[in-house]
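So this first bit is one chain, no partners, the form predicted alone, shown in C-alpha coordinates.
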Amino acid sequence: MTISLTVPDVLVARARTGDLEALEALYRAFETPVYNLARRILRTPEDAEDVLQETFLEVVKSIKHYRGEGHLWGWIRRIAASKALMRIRREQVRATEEFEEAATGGRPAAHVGTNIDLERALKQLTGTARAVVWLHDVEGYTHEEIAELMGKTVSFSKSQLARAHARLRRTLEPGLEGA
(Lines give C-alpha, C1' and ligand atoms only; values in the text may rest on other atoms or scores of the structure.)
Protein backbone atom coordinates (compact mmCIF):
# COMPACT_ATOMS: atom_id res chain seq x y z
CA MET A 1 0.00 0.00 0.00
CA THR A 2 1.46 3.35 -1.03
CA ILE A 3 0.72 6.35 1.11
CA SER A 4 -0.29 9.38 -0.88
CA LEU A 5 -0.72 12.18 1.60
CA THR A 6 -1.51 15.62 0.38
CA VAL A 7 -1.96 18.85 2.25
CA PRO A 8 -3.27 22.14 0.92
CA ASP A 9 -0.67 24.36 -0.73
CA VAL A 10 -1.78 27.25 1.48
CA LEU A 11 -0.87 25.20 4.57
CA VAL A 12 2.61 24.53 3.19
CA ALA A 13 3.01 28.23 2.32
CA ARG A 14 2.02 29.20 5.87
CA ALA A 15 4.42 26.64 7.32
CA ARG A 16 7.24 28.04 5.18
CA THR A 17 6.74 31.41 6.89
CA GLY A 18 7.08 29.79 10.33
CA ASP A 19 3.36 29.77 11.19
CA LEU A 20 3.18 27.51 14.27
CA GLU A 21 -0.39 26.37 13.63
CA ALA A 22 0.51 25.33 10.09
CA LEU A 23 3.63 23.51 11.30
CA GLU A 24 1.55 21.66 13.90
CA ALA A 25 -0.99 20.72 11.21
CA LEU A 26 1.85 19.27 9.09
CA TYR A 27 3.09 17.33 12.09
CA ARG A 28 -0.40 15.92 12.73
CA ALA A 29 -0.84 15.03 9.05
CA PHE A 30 2.45 13.14 8.78
CA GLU A 31 3.28 11.87 12.28
CA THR A 32 1.75 8.40 11.81
CA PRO A 33 3.36 7.58 8.44
CA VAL A 34 6.73 8.93 9.61
CA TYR A 35 6.55 6.88 12.80
CA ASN A 36 5.51 3.77 10.86
CA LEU A 37 8.39 4.18 8.41
CA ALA A 38 10.89 4.65 11.23
CA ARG A 39 9.43 1.74 13.21
CA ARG A 40 9.82 -0.61 10.25
CA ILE A 41 13.44 0.39 9.71
CA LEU A 42 14.49 0.49 13.37
CA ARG A 43 14.34 -2.08 16.14
CA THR A 44 12.44 -0.29 18.88
CA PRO A 45 9.42 1.99 19.28
CA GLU A 46 11.64 4.36 21.27
CA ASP A 47 14.05 4.74 18.35
CA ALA A 48 11.11 5.31 16.00
CA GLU A 49 9.74 8.01 18.32
CA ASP A 50 13.16 9.67 18.42
CA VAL A 51 13.34 9.61 14.60
CA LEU A 52 9.83 11.07 14.43
CA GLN A 53 10.95 13.99 16.59
CA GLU A 54 14.25 14.43 14.73
CA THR A 55 12.39 14.37 11.41
CA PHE A 56 10.00 17.13 12.37
CA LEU A 57 12.73 19.24 13.93
CA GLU A 58 14.43 19.03 10.52
CA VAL A 59 11.14 19.79 8.73
CA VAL A 60 10.61 22.90 10.88
CA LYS A 61 14.21 24.00 10.30
CA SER A 62 14.20 23.31 6.55
CA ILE A 63 10.61 23.88 5.35
CA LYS A 64 11.55 27.31 4.04
CA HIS A 65 13.91 25.56 1.62
CA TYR A 66 11.27 23.11 0.38
CA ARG A 67 10.83 24.02 -3.29
CA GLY A 68 7.49 22.31 -3.83
CA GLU A 69 8.92 19.91 -6.40
CA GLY A 70 7.08 16.62 -5.96
CA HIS A 71 4.85 15.75 -3.06
CA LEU A 72 5.57 17.06 0.42
CA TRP A 73 5.25 13.50 1.76
CA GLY A 74 8.12 12.41 -0.49
CA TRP A 75 10.31 15.16 0.94
CA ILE A 76 9.38 14.34 4.54
CA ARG A 77 9.74 10.60 3.89
CA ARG A 78 13.28 11.16 2.61
CA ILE A 79 14.18 13.13 5.75
CA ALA A 80 12.71 10.38 7.96
CA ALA A 81 14.54 7.61 6.10
CA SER A 82 17.79 9.56 6.34
CA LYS A 83 17.33 10.10 10.10
CA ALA A 84 16.57 6.40 10.60
CA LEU A 85 19.65 5.38 8.63
CA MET A 86 21.82 7.78 10.66
CA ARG A 87 20.48 6.14 13.83
CA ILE A 88 21.41 2.72 12.44
CA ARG A 89 24.93 3.95 11.73
CA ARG A 90 25.25 5.21 15.32
CA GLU A 91 23.85 1.91 16.61
CA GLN A 92 26.39 -0.03 14.54
CA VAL A 93 29.26 1.88 16.10
CA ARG A 94 27.91 1.28 19.62
CA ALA A 95 26.97 -2.39 19.19
CA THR A 96 29.56 -3.86 16.83
CA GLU A 97 29.60 -7.24 18.56
CA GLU A 98 25.87 -7.79 18.04
CA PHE A 99 26.13 -7.03 14.33
CA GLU A 100 29.17 -9.27 13.93
CA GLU A 101 27.23 -12.16 15.47
CA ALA A 102 24.32 -11.57 13.10
CA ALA A 103 26.66 -11.26 10.10
CA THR A 104 28.36 -14.59 10.93
CA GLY A 105 25.05 -16.41 11.01
CA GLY A 106 24.71 -16.64 14.79
CA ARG A 107 21.20 -17.75 15.58
CA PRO A 108 19.26 -16.60 18.60
CA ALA A 109 18.34 -19.33 21.07
CA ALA A 110 14.65 -18.79 20.39
CA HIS A 111 14.95 -19.90 16.72
CA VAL A 112 11.99 -22.24 16.10
CA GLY A 113 12.05 -22.86 12.33
CA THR A 114 8.69 -22.31 10.67
CA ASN A 115 7.10 -20.60 13.68
CA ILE A 116 9.14 -17.45 13.11
CA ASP A 117 7.10 -14.66 11.57
CA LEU A 118 8.37 -12.00 9.22
CA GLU A 119 8.76 -9.38 11.97
CA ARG A 120 10.99 -11.67 13.95
CA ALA A 121 12.95 -12.69 10.87
CA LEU A 122 13.54 -9.04 9.99
CA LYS A 123 14.87 -8.42 13.50
CA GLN A 124 17.57 -11.03 12.84
CA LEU A 125 18.97 -8.97 9.97
CA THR A 126 21.61 -6.34 10.56
CA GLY A 127 20.29 -2.80 10.75
CA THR A 128 21.66 -2.00 7.32
CA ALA A 129 20.15 -5.07 5.68
CA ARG A 130 16.79 -4.47 7.37
CA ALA A 131 16.79 -0.86 6.19
CA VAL A 132 17.59 -1.85 2.59
CA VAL A 133 14.82 -4.49 2.59
CA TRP A 134 12.27 -2.07 4.01
CA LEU A 135 13.20 0.87 1.80
CA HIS A 136 13.28 -1.24 -1.39
CA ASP A 137 10.53 -3.81 -0.90
CA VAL A 138 8.01 -1.79 1.09
CA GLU A 139 8.69 1.90 0.52
CA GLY A 140 9.53 1.42 -3.15
CA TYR A 141 12.90 3.16 -3.18
CA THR A 142 15.16 2.29 -6.11
CA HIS A 143 18.65 0.92 -5.57
CA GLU A 144 19.99 4.26 -6.79
CA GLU A 145 17.99 6.15 -4.14
CA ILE A 146 19.03 3.73 -1.40
CA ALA A 147 22.68 4.02 -2.43
CA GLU A 148 22.45 7.82 -2.30
CA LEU A 149 20.74 7.80 1.11
CA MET A 150 23.33 5.43 2.57
CA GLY A 151 26.34 6.97 0.87
CA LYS A 152 27.12 3.64 -0.81
CA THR A 153 27.10 2.20 -4.33
CA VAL A 154 24.16 0.76 -6.22
CA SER A 155 25.85 -2.65 -6.15
CA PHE A 156 26.06 -2.40 -2.34
CA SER A 157 22.29 -1.90 -2.17
CA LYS A 158 21.65 -4.80 -4.54
CA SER A 159 23.97 -7.17 -2.72
CA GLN A 160 22.55 -6.24 0.70
CA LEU A 161 19.05 -6.90 -0.61
CA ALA A 162 20.01 -10.25 -2.17
CA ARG A 163 21.77 -11.42 1.01
CA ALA A 164 18.89 -10.25 3.19
CA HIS A 165 16.34 -12.04 0.99
CA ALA A 166 18.42 -15.24 1.16
CA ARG A 167 18.63 -15.01 4.94
CA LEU A 168 14.91 -14.33 5.23
CA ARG A 169 14.16 -17.36 3.03
CA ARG A 170 16.39 -19.58 5.18
CA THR A 171 14.67 -18.30 8.30
CA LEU A 172 11.11 -18.51 7.03
CA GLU A 173 10.99 -21.56 4.74
CA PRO A 174 10.35 -24.93 6.39
CA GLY A 175 13.17 -27.41 6.26
CA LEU A 176 15.87 -24.85 5.48
CA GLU A 177 16.77 -23.78 9.00
CA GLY A 178 19.78 -26.14 9.01
CA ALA A 179 21.06 -24.88 5.63
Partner chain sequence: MHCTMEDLVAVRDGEGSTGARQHLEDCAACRAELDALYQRVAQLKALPALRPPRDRWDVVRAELVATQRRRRRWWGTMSLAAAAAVAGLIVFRPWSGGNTLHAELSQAKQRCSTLESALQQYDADGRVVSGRSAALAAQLEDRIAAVDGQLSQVSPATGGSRPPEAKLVDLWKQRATLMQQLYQVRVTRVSYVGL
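Computed from a predicted structure; not experimentally measured. Numbering follows the first chain given and starts at 1.
Omitted from view is the form predicted together with its partner chain, to which the following refers.
The closest heavy atom approach of residue 39 to its partner chain in the model of the complex falls within 4.5 Å. Under a 4.5 angstroms non-hydrogen atom cutoff, its partner chain in the model of the complex has residue 133 among its neighbouring residues. Its partner chain is not drawn, but in the model of the complex it has no heavy atom within 4.5 Å of residue 9. The closest non-hydrogen atom of residue 147 lies beyond 4.5 Å of its partner chain in the model of the complex.
Residues 134, 136, 137, 138, 143 of 134-148 are found to place at least one heavy atom within 4.5 Å of its partner chain in the model of the complex.
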